[in-house]
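Given as structure tokens, the chain that follows is alone and in the form predicted alone.
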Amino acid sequence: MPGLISMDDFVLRALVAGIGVAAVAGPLGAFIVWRRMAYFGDALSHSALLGVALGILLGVNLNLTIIALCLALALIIVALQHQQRLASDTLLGIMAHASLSIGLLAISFMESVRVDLMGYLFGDILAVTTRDILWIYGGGTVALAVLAYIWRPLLAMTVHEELARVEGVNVTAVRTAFMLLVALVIAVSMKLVGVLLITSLLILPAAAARRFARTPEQMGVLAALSGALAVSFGIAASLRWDTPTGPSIVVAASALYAATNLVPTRRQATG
């Protein structure tokens, strides 16, 4: 009986943490899909491993160093995107692979410190603690509040950036705020599916919701629900077949996306 209670506890924590991330990743992921920023998410998520290495070296809370590094990298990317020497996708590719490689090298030199590298790369949601959940829901609440505040100007920019600028939207400020939100969510949710897979939790649920949403707000809500389902199915599959939980969640999200493409929308059904 104690063992059963313990198992129920860690599964419940995993579900609570995963649903918390899905609730924030859904609306953010909608904008990432609309604005074609998947590679930006990869660049930020890969840098999180460097934050882990810095946290261990400095003896600082890892959550703080991961958040700080992701936010700093987001600001650097915003600044560098204004230069004309390199295309944005090239710049993001350089930042993503350089930060990931530096992080891996830094961790490899820490012979006196035991680091669960696979857990950071592919996540370990079943090992989340109550403190991790507080970080997720605290950071998620801040992210959703800021997203609600910039929702209209960000949507206007997504539809037509130049027209939004003419209408008085501070495009640079709104873009920077959105990138910082993505960085914050990636940083606090890295433990769920890891640095290599976290972007998929932003993209796949939003892509699955896109065909069924009639308004941007509906797409954000449906993406959050799709993400929550993917987390639930992924955890259940992991426990049932003893598979890695992070990849199982991503496979579940991929399966949901594939399933949505088999369901005819109302427009298709009516011809």
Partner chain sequence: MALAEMTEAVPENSQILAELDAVGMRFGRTVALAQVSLSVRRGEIVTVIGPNGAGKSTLLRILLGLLPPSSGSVRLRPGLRIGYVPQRVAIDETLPLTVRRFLSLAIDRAAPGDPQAALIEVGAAGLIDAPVQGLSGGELQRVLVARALLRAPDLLVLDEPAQGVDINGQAELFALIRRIRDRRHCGILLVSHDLHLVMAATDNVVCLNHHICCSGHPEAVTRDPAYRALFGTAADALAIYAHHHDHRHDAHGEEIAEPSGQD
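Positions refer to the first chain, counted from 1. Computed from a predicted model, the values in this text were never measured in an experiment.
In what follows, reference is made to the form predicted in complex with its partner chain, a form of this protein that is not presented.
Trainee: Just one of 235, 203, 67, 219 has a heavy atom within 4.5 Å of its partner chain in the model of the complex. Which one?
Mentor: Filtering the options by heavy-atom distance leaves 219.
Trainee: Quick check on this chain: which one of 87, 79, 166, 145 has a heavy atom within 4.5 Å of its partner chain in the model of the complex?
Mentor: The residue from 87, 79, 166, 145 that makes the contact is 166.
Trainee: Heavy atoms within 4.5 Å of its partner chain in the model of the complex: which of the stretches 54-62, 211-219, 236-244, 41-49 has them?
Mentor: Within 4.5 Å of the partner lies stretch 211-219.
Trainee: Does any part of residue 162 reach within 4.5 Å of its partner chain in the model of the complex? Heavy atoms only, please.
Mentor: It does: once its partner chain is placed as it appears in the model of the complex, residue 162 has a heavy atom within 4.5 Å of it.
Trainee: Is the gap between residue 98 and its partner chain in the model of the complex 4.5 Å or less for some heavy atom pair?
Mentor: Residue 98: no contact with its partner chain in the model of the complex.
Trainee: Can residue 106 be called a contact residue for its partner chain in the model of the complex at 4.5 Å between heavy atoms?
Mentor: Residue-level check for residue 106: no, no contact with its partner chain.
Trainee: Given that the partner is absent here, does residue 33 sit within 4.5 Å of its partner chain in the model of the complex, heavy atoms only?
Mentor: Output for residue 33 is yes: heavy atoms within 4.5 Å of its partner chain.
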